[in-house]
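Shown below, as C-alpha cells, is a lone chain in the form predicted on its own; questions about how it binds or moves come after it.
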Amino acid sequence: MDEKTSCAEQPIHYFAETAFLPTGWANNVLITVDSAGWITQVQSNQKADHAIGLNGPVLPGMLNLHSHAFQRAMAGLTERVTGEGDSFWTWREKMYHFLEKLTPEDQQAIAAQLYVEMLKAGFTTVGEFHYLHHQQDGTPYHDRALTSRHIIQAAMETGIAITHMPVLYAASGLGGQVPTDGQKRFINNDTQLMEMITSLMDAYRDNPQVTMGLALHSLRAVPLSMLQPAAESMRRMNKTAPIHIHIAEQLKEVNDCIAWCGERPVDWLLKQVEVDANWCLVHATHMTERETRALAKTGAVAGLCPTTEANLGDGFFNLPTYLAENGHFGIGSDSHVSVSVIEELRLLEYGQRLLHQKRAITRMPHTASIGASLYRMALAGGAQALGRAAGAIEVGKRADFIVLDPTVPTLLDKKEDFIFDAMLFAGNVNPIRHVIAGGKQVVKDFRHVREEEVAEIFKNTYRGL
C-alpha cells in the first residue's frame, strides 16, 4: 500500500479564508492532510466547521534549494578587511579555518538553529549541499555518512523537509589537482561517495521528510573521471534524483577553465554529461548569451542565491535572457548571511533593476504582479530542483504552507497578488505568523515550537567554538 494512504489515523483539516492555489487565489479553502503529511483534499467555498483556522492569507511554503548549514555560524565574522584584493577566495580561506574545529554534534546544533530560522522565514524545505564529511585531520569517521545523519536529524527535529545531497569533492583545481590541507575534511572518491548515498537512501527510504540527491561540488573539485561515473551511478539508483553543482560563480573560475580546456564552464559541462531537468546549476553567474540559452533549453534549474552572491561579490545572473528562453530558477540562502525568502526574492529583482536600469524584470504571462511572478517561479524551480512533491497547495503534495499576519501594516487590506507585492517589496517586518510543515504546525505566532531548546543548544555550541 502507498505510504500516503497506509495510515488509519484521523486526517487534519485546515481552513483558510483565502489561499493561493495552483489555479490562483481561492476563498474559504478546506485543506485535508493525512497523518503522513500529504494533502488529500483541497476544496474552496467551504465552511470552517471543526477545522483548524488559519487566520491570514495562506501561501505554499518556499523551498531553499542551496544550503551549507555550518556557514550560518560564520555569518558576521568575515566582514573585515584582510588586505588588498578581498574576494571570494580570501573568504574561502577564512571558511576553511572556521570549519577545522566543528564536530558532528556541532554541525547538528548549527543546522537545527538555522532550520528554525528558515521555517520562521517561510522556507519549509531545504536542499543541503553537504561537504563537511570527515574528522578534523581528514580521517573518515567509522561511518562515512555520520555527519550527514546529524544534519538530517536536525531537519527531523525542527520539522523542515530536507533534500540531502552529499558532495563529491576530490581535487583542489581543474584537472585533478592535489587537495589542499584546508580541504582535507571534504575528500572522497566517487565510489566512496556513492556508497555513502546508498547507505543514507536505505536508512531514510520510507521517510517522506527526507529525499536524497547528489552534489558535485564544482568542476575544479570533481575531475571528469569521477564526474561522469558519479552522475551515471546516481541515475541508476534513482533516475529522478536531484544532481546539483556549483558552476561559473566567479570570473577567476571561468578564466581558469578556459586556460585549462579552452572552453567556458557551462559550455564544457553540457558537452560532458547529459544535463536535464533533474539537474540544478548553482550560481551560473558568468555565462555568455549562448550558454544562458543552452542552459535554459536543458530544462535544468538555475540555483540563484542573491544575498550570498552579493556578499561574496560574485556578480549578476543573466536573468532576462534566461527567462526569455523559459528557463527555470529557484532560490537558496547558501552561506546564510541572510535567512529570508523576502530578501532573496527582493534582491534578485532589485539587482536586475540596477544592472539594466529598468523596472519589472521578473515577469510571467497572465499577471502584472512582479511579486507573484517571483514567488511562483521560485516555488516551481525549488520543487523541481529538490525532487520534492511540494511548492503548491494541491492534492498529492506535502502540506507545507505559511500563514501571513493580515494585521501587519504593509499587508493591510491587500488582496490576491497585491499580497505578494506587499510582502516582497514593502518593508522589513517578517509577516509570517504561522508555518505548517508536513502537516504539522512548527511555527505558531512567530515562534518555532522548539525555539528555546534549539537556541540553548546552539548557544552552548557556538561559545564552545
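Heads up: residue numbers just count along the shown sequence, starting at 1. Small disclaimer: the values here were computed from a predicted structure and weren't measured.
Below: the form predicted in complex with a small molecule, not depicted.
- Taking the partner from the other structure, the small molecule in the predicted complex has no heavy atom within 4.5 Å of any heavy atom of Leu355.
- By the criterion of a heavy atom within 4.5 Å, Val210 is excluded from the residues contacting the small molecule in the predicted complex.
- Residue contact with the small molecule in the predicted complex: Arg92 places a heavy atom within 4.5 Å of it.
- A residue is said to contact a partner when one of its heavy atoms sits within 4.5 Å of a partner heavy atom; Leu312 meets this definition for the small molecule in the predicted complex.
- Among the residues His164, Arg72, Arg220, Arg264, the one placing a heavy atom within 4.5 Å of the small molecule in the predicted complex is Arg220.
- Only one of the listed residues (Tyr204, Phe88, Phe316, Trp260) places a non-hydrogen atom within 4.5 angstroms of the small molecule in the predicted complex, and that residue is Phe88.
- Heavy atoms of every residue among Tyr96, His283 and Asp334 are located within 4.5 Å of the small molecule in the predicted complex.
- Heavy atoms within 4.5 Å of the small molecule in the predicted complex map, among the stretches 45 to 53, 63 to 71, 24 to 32, 419 to 427, onto 63 to 71 alone.
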